[in-house]
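Listed next as structure tokens is one chain, alone, in the form predicted alone.
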């Protein structure tokens, strides 16, 4: 079989595709023939050596994949060859085949496509965890989301609509204005408009209930300033550290140097909260599984529908990641590992 590896820290030209022996499932495991694998911004940061929680190089990235079971190990119940599944790989999803404990597999109804399945876990799971699990989003509340045209941004827009949020403010670059507006968000041009002032203006001077920031650095404090009393800020990324497809030590240092230090006393007096979110490091897998069950129900009811920007053959993985580096994507980007 073939799989993608990151052999070392580098740009997209460092990515390699290698031939390896097919993995064999052990007891309690299943081998999955991957059809689609999701690309996440974290994958790009890992390649640049900026993420901090990936395996040692060389390794195969990929948090999520969808496909069908081709072989099962001893003692496996509830699954059989031919079953369509979502695979929560953690790492290793950029591969023609993956072997996982069956506890990391979720059966897929025939009505759910491989594209939809591979687009769900990270973007929708993260969005649901922030807004619903941590934030208890309720009808009539207001939300600010940055990078609103990306995978998490589009997921947030749909979850907010399903949960009855009254206003979602989305920041993005000006070419994405129409797309962001089409999702029911109030567009803010991140390059020419002050999102803090707009959040205040649109909420009668109070600020938003929830602010979601994948940027980091000094930007994080401005998101905090967009909150009303009792508001909640969620931080789940560090795109400010990534200024191109190659690592920029200067950009990373600037981001870390400008990252705010929140004063607990001031937070107490304003009744604001700050959450750091990393779904890959949750200790309790049952929490994430519960999110996926809730999201699956929303998907089947039509409350959410993953927006797929593009699907690239895995041999074009460098081009697919460059597409995201250049901020061209509108929704989720996937890799196609299906048999030719």
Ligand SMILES: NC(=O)c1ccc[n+]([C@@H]2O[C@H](COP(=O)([O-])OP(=O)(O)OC[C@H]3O[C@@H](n4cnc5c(N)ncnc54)[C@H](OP(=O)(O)O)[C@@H]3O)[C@@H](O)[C@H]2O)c1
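Positions refer to the first chain, counted from 1. All values reported here derive from a predicted model rather than from experimental measurement.
The following text describes the form predicted in complex with the ligand, which does not appear among the structures shown.
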Contact check for 142, 160 and 272 against the ligand in the model of the complex, heavy atom at 4.5 Å: no
Partner contact for residue 172 in the model of the complex: the ligand, 4.5 angstroms, heavy atom: yes
Contact label in the model of the complex: residue 246 to the ligand, heavy atom within 4.5 Å: no
Residue contact check: residue 40 to the ligand in the model of the complex, 4.5 Å heavy atom: yes
Partner proximity in the model of the complex: residue 210 to the ligand, non-hydrogen atom cutoff 4.5 Å: no
Contact stretch among 256-264, 76-84, 200-208, 118-126 - heavy atom within 4.5 Å of the ligand in the model of the complex: 118-126
Listed residue (236, 224, 179, 114) with a non-hydrogen atom within 4.5 angstroms of the ligand in the model of the complex: 236
Contact residue in the model of the complex, from 298, 311, 287, 277 (heavy atom within 4.5 Å of the ligand): 277
Sequence-ordered residues of 307-340 touching the ligand in the model of the complex, heavy atom within 4.5 Å: 324, 325, 327, 328, 329, 331
